[in-house]
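So this first bit is one chain, no partners, the form predicted alone, shown in structure tokens.
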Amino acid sequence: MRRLTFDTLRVLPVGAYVTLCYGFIFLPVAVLVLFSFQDGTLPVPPFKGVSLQWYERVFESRRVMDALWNSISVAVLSSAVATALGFLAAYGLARHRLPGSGAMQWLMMAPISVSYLIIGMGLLITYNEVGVPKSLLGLGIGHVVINLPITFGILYSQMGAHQANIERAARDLGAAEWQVLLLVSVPMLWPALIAGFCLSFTLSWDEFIIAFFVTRFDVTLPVEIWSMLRTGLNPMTNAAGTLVFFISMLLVVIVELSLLRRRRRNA
């Protein structure tokens, strides 16, 4: 009994600390979601009741819907390109001994340590110098820059020796290099490819700083939400923000399930 009491008292501070940390992280999100259902004109206490009118306004707003589709288009295309390039880079560095491969890996991961603000400013200056207008294309290139290291890191970490042995066996059986790549390597790395794509999509989907620098008329949803905030607080902004949050969380769940499946297969 004393042992049980001692263990309980020892765990309580840890539990309280963890609860406070999660509360600090998720309380603002909970407030955002709660007041997106506000049956009133201001997203502030007191809560006046549940209403879906602000979500209806979000889906009826052409500007918000255009920004939504712009975000989806940029996120899907840039994530697909970043995943494909990350896979090829990881495959080349993991399966071949290249001079300076360590430096190449470092250069591939270097953009992770650079602030989005610096990347956005650098892209803006570069685009101005070469005559590239502010556009969703320029934004897509920027998102490939920030997401390529992430996809590379995920895929490179999953290319183990057992996969190399299977690829070697496929070559011994007469498979061409492209067949090994597409019919052996890709299926074995499918969970990691999905995880890299979904994580890239999540980061591109709610990225604001680079989008703010390199877009003008065709903006993404985070930039449109920022524009809405300039006119003051209203529950419609909360509804748009909640939409961004839930889509991001859905993709994070997909990533976690893909990695869990991968771990179980390797166990």
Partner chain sequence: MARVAGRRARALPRIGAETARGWGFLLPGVLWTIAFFVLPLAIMVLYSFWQRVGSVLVTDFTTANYERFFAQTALTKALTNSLEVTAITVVVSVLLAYPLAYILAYHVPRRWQRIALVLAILPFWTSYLVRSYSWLLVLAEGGIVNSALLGLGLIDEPIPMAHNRGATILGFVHFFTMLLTLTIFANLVQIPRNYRLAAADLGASRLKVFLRVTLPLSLPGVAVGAFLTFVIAIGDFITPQILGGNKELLMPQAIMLQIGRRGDFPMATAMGLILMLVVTAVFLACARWLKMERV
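Predicted model, so just to flag it, every value in this text is computed and none were measured. Numbering follows the first chain given and starts at 1. Each form is matched to the other, and the largest set of C-alpha atoms that superpose within 1.5 Å is called the rigid core.
This protein has a second form, the form predicted in complex with the partner chain, left out of what is shown; the following refers to that one.
Undergrad: Is there a heavy atom of P133 lying 4.5 Å or less from a heavy atom of the partner chain in the predicted complex?
TA: P133: no contact with the partner chain in the predicted complex.
Undergrad: Residue-level question: is P45 within 4.5 Å of the partner chain in the predicted complex, judged on heavy atoms?
TA: Heavy-atom contact with the partner chain at 4.5 Å: present for P45.
Undergrad: Report whether the minimum heavy atom distance between L148 and the partner chain in the predicted complex is within 4.5 Å.
TA: Answer yes; at least one heavy atom of L148 falls within 4.5 Å of the partner chain in the predicted complex.
Undergrad: State yes or no: in the predicted complex, is some non-hydrogen atom of L193 no more than 4.5 angstroms from a non-hydrogen atom of the partner chain?
TA: Judged by the heavy-atom cut-off of 4.5 Å, L193 is well away from the partner chain in the predicted complex.
Undergrad: At 4.5 Å by heavy atoms, is each residue in L68, A80 and I254 next to the partner chain in the predicted complex?
TA: No residue of the spot touches the partner chain in the predicted complex.
Undergrad: Out of V76, M188, L93, I166, which one falls within 4.5 Å of the partner chain in the predicted complex, going by heavy atoms?
TA: After the contact test, the surviving option is L93.
Undergrad: Which residues within 127-153 place at least one heavy atom within 4.5 Å of the partner chain in the predicted complex?
TA: Result: E129, I141, V144, V145, L148.
Undergrad: After the core is matched up, is the C-alpha of F59 off by 2 Å or more between the shown form and the other one?
TA: After core superposition, the C-alpha of F59 moves less than 2 Å between the shown form and the other one.
Undergrad: After fitting the rigid core, is the C-alpha of F26 off by 2 Å or more between the shown form and the other one?
TA: Comparing the forms between the shown form and the other one, which are aligned on their rigid core, F26 does shift its C-alpha by 2 Å or more.
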